[in-house]
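Shown below, as structure tokens, is a lone chain in the form predicted alone; questions about how it binds or moves come after it.
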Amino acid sequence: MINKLAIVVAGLVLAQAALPEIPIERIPNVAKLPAEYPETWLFAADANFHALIAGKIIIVDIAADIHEYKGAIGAAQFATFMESSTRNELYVGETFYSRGTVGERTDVVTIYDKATLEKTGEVVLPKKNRGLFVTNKYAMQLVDKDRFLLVYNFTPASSVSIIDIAAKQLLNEIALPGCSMIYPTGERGFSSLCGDGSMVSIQFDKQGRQTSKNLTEPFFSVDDDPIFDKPTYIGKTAYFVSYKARIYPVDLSTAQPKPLPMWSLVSAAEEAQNWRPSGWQIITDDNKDTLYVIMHPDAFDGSHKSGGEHIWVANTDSRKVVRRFQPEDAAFSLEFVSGKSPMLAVTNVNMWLDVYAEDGALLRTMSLGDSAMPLALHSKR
């Protein structure tokens, strides 16, 4: 018995001696991301309602089965996010208080390097009036080939701050009485939705000074059928969806917004069954001619933020629904990811990320963390 034990121990010692020496790990050991992200990488804005001061922007590869979580940057208190397509930079609009949730307030746009995810600069918003609400893609936008970053303010007076992001300098603030959000418009400008169902458009010069202001006639009913404030763009046309499942396209290619003919997603029978959109980021597109919309039947007042058990696919040329499918779990937000193998990323009502092929087949499901709330999804467009 002793001899057998000695033999086993000796064998283990010899086996250990035969193993190559493990190289010493250097500390700190920090990996870098590519300066140009692959087309399958997605930004998920985690609002983190459990601890708003610790929100984040998560970078995830939705085509990966392992090592899908690529990194994250901080995004404090109802943050907004944009990726530059012309610079190696990421931008986060965020708000801090000197004692966590109380104390002196600081509003800032923080600038991060895409490869290292290190902070490289910031622009302070001295009026401390950045709009604080659940993350919305259209509360901060880049225009004019990403030279200018626009930030929506609400105190409750509404305005837009114009930042020369290359110079990291706040240039101006333009008032928007009765209007909200930022929709890139024309050569160097933006539009906003107004309380009477109209849209105002502002153009500005390189110093951030307003050069023109145009207003449309009301093109939707705020009382009878309001539109959601998170459209999707195909080219220079923004597609808004209404509470009653109507599509309102607006041509924003010039300084004067041009509302285009409205069309409906639902038939008369489906309208009688109260089929309506629901969720947070409700509509997306394939950057060609196809819209994806989260839908649910038996809608009622207040169900527009509950998410939906169905996703409808509509063609913008024929103005008809061409396909419907049911996701594995009810959808809450969605974003189309273009590329060689197009995919649809869906935040479900359990706050997990589901990834579908174009035909609606579920490819994979991802958890971005136990308390993550990826309400807004940003793909490379």
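Computed from a prediction, not measured in an experiment: that's the story for all the values here. Residue numbers here begin at 1 and follow the sequence given.
One more form of this protein, predicted in complex with another copy of the chain, exists but is not displayed; see below.
In the predicted bound form, does S98 come within 4.5 Å of another copy of the chain, counting heavy atoms only?
Because a heavy atom of S98 falls inside 4.5 Å of another copy of the chain in the predicted bound form, the answer is yes.
Do K213 and another copy of the chain share at least one heavy atom pair within 4.5 Å in the predicted bound form?
Output for K213 is no: heavy atoms all beyond 4.5 Å of another copy of the chain.
Flag A51 as yes or no: does it have a non-hydrogen atom within 4.5 angstroms of any non-hydrogen atom of another copy of the chain in the predicted bound form?
Taking the distances in the predicted bound form, the answer for A51 is yes, it comes within 4.5 Å of another copy of the chain.
Contact label in the predicted bound form: E173 to another copy of the chain, heavy atom within 4.5 Å
The answer is no: E173 has no heavy atom within 4.5 Å of another copy of the chain.
Which one, 100-108, 81-89, 281-289, 246-254, holds residues whose non-hydrogen atoms are within 4.5 Å of another copy of the chain in the predicted bound form?
Only one stretch qualifies here: 100-108.
Option touching another copy of the chain, based on a heavy atom within 4.5 Å in the predicted bound form, out of E122, D164, D146, E270
Residue within 4.5 Å of the partner: E122.
Would you give me the residues of 357-378 that have any heavy atom within 4.5 Å of another copy of the chain in the predicted bound form, in order from first to last?
Contacting residues: D370, S371.
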